[in-house]
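Presented below, as structure tokens, is a lone chain in the form predicted on its own.
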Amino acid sequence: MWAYILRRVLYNIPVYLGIIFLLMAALRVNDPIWGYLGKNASHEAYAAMEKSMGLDQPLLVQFWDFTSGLVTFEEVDGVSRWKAGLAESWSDKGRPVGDLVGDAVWPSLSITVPALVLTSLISITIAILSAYYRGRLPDKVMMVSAVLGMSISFLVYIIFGQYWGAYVLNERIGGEFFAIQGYKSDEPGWWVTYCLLPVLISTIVTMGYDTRFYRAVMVEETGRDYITTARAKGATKRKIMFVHMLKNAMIPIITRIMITLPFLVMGSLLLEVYFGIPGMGRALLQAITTLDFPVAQLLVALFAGLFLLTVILTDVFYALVDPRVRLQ
């Protein structure tokens, strides 16, 4: 297994470097210096800022400086610090990129991890029940509800949730049960106030997609030979659905969950923007908008690394849950 993981890591290194190079080339289509200095800046000021930003170097040199910083550390005040995170943000002068990214991780995880857990548990349960009652009224009601849920725009749910779940509710209870904007993790009950409503919205939106996917998986499993064998042995329908079938459907379930893992760290962009949550998705949007290359490069490098890592781990989990899978 370790030999397989090592091979996959080595195979994906060129892919990872290619992603970073394409990003850096795409960012440099726009010149950020005039945006920071203004159109009336002198050529001397332009040249000075260009040198301070490192943009006077060829793209390959800039690429080497950034990628080498991803795997090296430097001593700062007696503490070993990640070199890639020591670069200063262009839009937030004097602030290391690593600190900016680190501060954005927890707000993103505060809404994405609970949303993933809730969505997965509810969707898998509904999918099993829907397959159990396949073709009957409960199945039809659940599937119609799932289709209706996924047919409505994410933005509609956000606006509806902010108005009825926060504005109207807060007026009726005479307090602030749900916050429409903001994020303060140092207050008592902060998660309920600032994160519960975005989590509920994310769960409702995603549940429709996941429920239909998991139901299709469960329905497909009902036609397998092991289901026929279990029925021939006299196993009850309940045991077949909730024991045998769920265990054998783990590979597509793992695939679905693992694909979403990189987005847990990057957060949900729309939720972070509309609810004022200072997560990584919002930080990436601001970095691209303000042409803050160091922040955008580090965030995309982290996201690409997480995505490639989950692809490798997905194959490993396949082998762990299904003995028929071999890592060769």
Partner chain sequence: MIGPMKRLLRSRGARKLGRDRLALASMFVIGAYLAIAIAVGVFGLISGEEAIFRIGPDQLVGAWGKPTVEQRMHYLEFYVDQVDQAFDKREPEKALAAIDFFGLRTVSTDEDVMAEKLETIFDPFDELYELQEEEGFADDPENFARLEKLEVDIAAMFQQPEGWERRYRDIGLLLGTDRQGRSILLRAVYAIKVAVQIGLVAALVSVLIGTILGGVAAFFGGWVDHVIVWLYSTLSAIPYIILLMVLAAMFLGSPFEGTLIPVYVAFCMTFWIGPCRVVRGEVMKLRELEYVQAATAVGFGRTRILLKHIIPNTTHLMFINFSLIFIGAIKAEVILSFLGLGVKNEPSWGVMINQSRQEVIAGFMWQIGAATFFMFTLVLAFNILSDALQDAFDPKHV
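Residue numbers count along the first chain shown, from 1. Here the structure is a predicted model, which means the values were calculated and not measured.
Not pictured, yet referred to below: the form predicted together with the partner chain.
Enquirer: Give a yes/no on whether residue 153 approaches the partner chain to within 4.5 Å in the predicted complex, heavy atoms considered.
Expert: So residue 153 counts as contacting the partner chain.
Enquirer: Is residue 270 a contact residue for the partner chain in the predicted complex, using a 4.5 Å heavy atom cut-off?
Expert: It does: once the partner chain is placed as it appears in the predicted complex, residue 270 has a heavy atom within 4.5 Å of it.
Enquirer: Evaluate residue 298 for contact with the partner chain in the predicted complex, applying a 4.5 angstroms cut-off between non-hydrogen atoms, and reply yes or no.
Expert: Output for residue 298 is no: heavy atoms all beyond 4.5 Å of the partner chain.
Enquirer: Given that the partner chain is not shown alongside this chain, does residue 183 nevertheless sit within 4.5 Å of it in the predicted complex, heavy atom to heavy atom?
Expert: No, residue 183 stays farther than 4.5 Å from the partner chain in the predicted complex.
Enquirer: Heavy atoms, 4.5 Å, the partner chain in the predicted complex: which of 87-95, 231-239, 119-127, 209-217 makes the cut? Say which one.
Expert: One stretch meets the cut-off, namely 209-217.
Enquirer: If the criterion is a non-hydrogen atom within 4.5 angstroms, does every one of 22, 284 and 304 touch the partner chain in the predicted complex?
Expert: Result yes, every residue of the spot touches the partner chain.
Enquirer: With the partner chain left out of view, choose which of 259, 26, 41, 60 has a non-hydrogen atom within 4.5 angstroms of it in the predicted complex.
Expert: Only one listed residue qualifies here, and that residue is 26.
Enquirer: Can you pick the one in 147, 113, 243, 71 that has a heavy atom within 4.5 Å of the partner chain in the predicted complex?
Expert: Exactly one residue meets the criterion: 147.
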